[in-house]
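Given as structure tokens, the chain that follows is alone and in the form predicted on its own.
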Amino acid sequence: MASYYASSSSSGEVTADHRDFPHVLAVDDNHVDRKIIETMLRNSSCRVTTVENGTRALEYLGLRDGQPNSATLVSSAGCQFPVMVILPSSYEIPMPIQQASKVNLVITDYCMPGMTGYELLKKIKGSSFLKEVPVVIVSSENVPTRINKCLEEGAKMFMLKPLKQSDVKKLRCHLLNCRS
């Protein structure tokens, strides 16, 4: 299940200032590692969504392989109508636009069961509407061929675990430069 972070006011409303913070999607199968990166990014004024694997990340970003994507149509009168769009598995719909368009960076562990961070990177970079989102790969293993492969495929950076606050500062610089 995805974990979302945003500060709220005493009335429960999300404050406008926090919606302006860069939004990072953090992907790691290890709960402790997810919490560490989430805390470090929050302390650097980022909104953070965490998921436990590449499949959940793709779902959050709206890239469900072979699965129908759901959407909401809004009439000119402002009424919302849920719809189910069923298309061939090769067809890609940028849903949910509200989530995907607001992710400023994806940070993912390399070694995860089911789908590696490298495979997730390839899917994001292969997407027509997400290819510009920076992806950072993290790993506890310093394997030069792995690092080069990820960078050649489009990763913005490759960082070694455990992440330090200085690493998060580097990420923050990329976020500020990449925000539109």
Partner chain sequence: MDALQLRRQLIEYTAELFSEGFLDEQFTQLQQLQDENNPDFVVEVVSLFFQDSERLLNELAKSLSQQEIDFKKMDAHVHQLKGSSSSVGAHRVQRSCISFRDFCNAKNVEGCLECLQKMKHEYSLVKDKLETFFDLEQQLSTTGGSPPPP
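None of the values given here were measured: they were computed from a predicted structure. Residue numbers count along the first chain shown, from 1.
Quick note: we don't show the form predicted together with its partner chain, though the next part is all about it.
Q: Just to confirm, K125 within 4.5 Å of its partner chain in the model of the complex by heavy atoms?
A: Residue-level check for K125: no, no contact with its partner chain.
Q: Taking its partner chain as it sits in the model of the complex, is S140 near enough to touch it, meaning that at least one heavy atom pair lies within 4.5 angstroms?
A: Yes, S140 sits close enough to its partner chain in the model of the complex that at least one of its heavy atoms falls within 4.5 Å.
Q: Residue-level contact is defined here as any heavy atom of the residue lying within 4.5 Å of its partner chain in the model of the complex; does T39 satisfy this criterion?
A: Yes, T39 is a contact residue.
Q: Answer with yes or no whether C111 is in contact with its partner chain in the model of the complex, where contact means some heavy atom within 4.5 Å.
A: Because a heavy atom of C111 falls inside 4.5 Å of its partner chain in the model of the complex, the answer is yes.
Q: Work out which of D29, E153, E59, E119 lies within 4.5 Å of its partner chain in the model of the complex, going by heavy atoms.
A: Flagged contact: D29.
Q: For a quick check, can you give me the residues of 134-173 that have a heavy atom within 4.5 Å of its partner chain in the model of the complex?
A: Sequence-ordered list: S140, E141, P162, L163, K164, Q165.
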